[in-house]
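Next come structure tokens for two forms of one protein chain, structure 1 first, structure 2 second.
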Structure 1
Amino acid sequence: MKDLYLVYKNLTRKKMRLFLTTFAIFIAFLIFGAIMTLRGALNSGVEMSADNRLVVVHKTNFTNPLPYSYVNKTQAIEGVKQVTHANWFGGYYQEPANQVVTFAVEPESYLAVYPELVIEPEQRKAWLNNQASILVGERIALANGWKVGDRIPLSSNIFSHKEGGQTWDFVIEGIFRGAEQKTDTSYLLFHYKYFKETQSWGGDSIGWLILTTEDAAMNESVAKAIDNNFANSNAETDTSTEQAFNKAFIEQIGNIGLIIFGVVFMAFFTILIVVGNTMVLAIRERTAEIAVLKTLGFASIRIFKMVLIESCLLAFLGGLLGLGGAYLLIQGASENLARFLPNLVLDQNILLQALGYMLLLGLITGIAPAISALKLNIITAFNRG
């Protein structure tokens, strides 16, 4: 306890220096927590992908439509368990700036392919029975203050209504949540049949197919069979795992992993220099005091441990405050960015990584001053003083 008290007194003897150093570490871990959470959100589509789920798109460009007949033809291929399809609606709410991710789907098969979407049984039944209704993700519902029973107008920047205009009126029959916290619930679903009957153009075309295989080991053979089946047709296909498809889609906006690594590395490198320099100066100022402690019988290894503990406490103090700040920042951003990003979650893996980096930061910045204190010669120290 005496050693911890001495560490505490040394750590707090210059409060302004303690504040500035802690603040620097706070900023580093604030950045780390926020950036890693953003990375997790952007990669959630990859991480949450089912092993046996495949996506079939037009070979030329995934924005080109596929014939509706491909649904039954794909279902007939050996190894395919369940097939569904989706169309991009290009939706927005009230004004074009309020973009809302909206898909026209075949309800029952879509929910079968995506079992991670959790809906109350009565809401599920109501949505399936009402073609003019919409199923809303929990995240987007909270962002807009929507609830079951509300009527909302949704407009499309691609399609037009056969009765004129580009707006469809829907009643919200259900709100779905994710089986896991990271499951994306920031989009809306409505009936493909209703979409086909009310749009002024587009016919029976579909945007893409999503299917599950009997076993993930069959993914490659099923993908090849699908693409071979539609080879040399007017709409050739490109089939990949959902994980590969989502990863390729994310990489269109750049190498997110490399960008995030660069930001985090520069923040930590800067903090490493600042904290390391602070610790070296702090120990140099206490040269005579360390010599006195050794004269009083403090073993060199004991002083070595005290310096390392001081450095680690400093790292954990700033780091934990930084993670707390990141959590508050993420909570605020999660509500305001619900229309644009999946769920922002400061999860356990990020917390464990952060704790590891705090310990590493404390050890790296404290090791040189600790060794200097360990090797300090009493006579030399008093002469220097």
Structure 2
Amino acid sequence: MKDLYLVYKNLTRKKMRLFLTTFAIFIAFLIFGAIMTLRGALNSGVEMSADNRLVVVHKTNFTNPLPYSYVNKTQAIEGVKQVTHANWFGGYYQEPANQVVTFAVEPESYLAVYPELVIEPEQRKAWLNNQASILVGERIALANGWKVGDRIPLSSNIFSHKEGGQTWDFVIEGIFRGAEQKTDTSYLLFHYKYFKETQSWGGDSIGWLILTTEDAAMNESVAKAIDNNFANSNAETDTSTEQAFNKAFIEQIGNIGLIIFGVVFMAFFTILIVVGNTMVLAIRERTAEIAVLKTLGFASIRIFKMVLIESCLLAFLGGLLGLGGAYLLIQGASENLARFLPNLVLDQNILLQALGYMLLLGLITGIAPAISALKLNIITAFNRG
């Protein structure tokens, strides 16, 4: 398009103004990118949880252990399809700062309850057969450069090895992928039996139970039946759907959804006013120039388009810089937050949404001045000047 140079010259004619408006848009899209990514990460646990999966934890505090006997007792309850259990290992790799989420689980039932974990059949077999082996999620394997066959030392900040020290040596027998992109694969699984045999405390307690029901419609009655079953025991339970459990966990951080909406709304509202106002002023300053262009024979619609392209260029300039900034921010944060928020990725969805908002911002801020440029009458414009 031949007019692009003209548009570009108009956009850049006032450097300070360009800088300030670009900066405002930059900030808005930085916030948008970062916050939407954060929301995605927080929600992915909820979204990804199967709707017939229940979690059973200690009623007083979900970090309290439950007796091992609960596994079989729960399996016996009507409507329960498959029970498995997990223990928190509190693991770190080489340095305490490098935490890796590690669970001690009963391998076969765990994989049955979590069908979204995908493993090569031979690796699966190897992991099941080797007590002292560990199964590693793809994301964490990639992050640490681990391959099948590697030996890795894992230390616990809770438990001690009965042969002394707090470090276990594992051989990686398998790496699991997620059935979907958002499936969490940033943790490690090893044998509960091996855990109990090698740690110094001994004892038969488990962290929590996870189970599937025959049908999601039975979730509530099954949950009630489980909690009733263990009522008035030493370890009363609290059973909820995995979705509710994850959600409750997230909501401890606050009403994320509302905060996010508020922040994003404020950011966009502010730049809409700032940029919109700037565009109106910029075009008003050019009244005489637009009249000249029209006199020379530039069609009104062509000038209309030029104004809209200018406001869209501005929106994309600031917006893409903002997204770039958000990307870098997230890159930095995800290295540190990987264990809490494994899905901290600025994904394609957010990118497309942001591009959509940039276009919208450009059109909204440009439309009023574009229309006044379209309607501008040559004679009245010259009389005014």
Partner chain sequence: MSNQNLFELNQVAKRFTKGKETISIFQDLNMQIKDGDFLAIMGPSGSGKTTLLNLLGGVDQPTEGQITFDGQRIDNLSESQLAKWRANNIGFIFQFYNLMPMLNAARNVELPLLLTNLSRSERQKQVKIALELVGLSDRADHMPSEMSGGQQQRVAIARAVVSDPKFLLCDEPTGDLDRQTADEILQTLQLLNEKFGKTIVMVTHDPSAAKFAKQTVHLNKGEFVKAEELSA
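Numbers follow structure 1, counted from its first residue as 1. Just so it is clear, the structure is predicted and the values come from calculations on it, not from any experiment. The term rigid core refers to the maximal set of C-alpha atoms that superpose within 1.5 Å between the two forms.
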property	result
Of structures 1 and 2, the form predicted together with its partner chain	2
Residue 28: Cα shift of 2 Å or greater between the two structures (core-aligned)	yes
Rigid-core frame, C-alpha of residue 57, shift of 2 angstroms or more between the two structures	no
Displaced residue check between the two structures: residue 217, CA, 2 Å or over, core reference	no
Core-aligned Cα shift of residue 370 between the two structures, given in Å	5.2
Displacement in Å of the C-alpha of residue 7 between the two structures, rigid core kept as reference	8.1
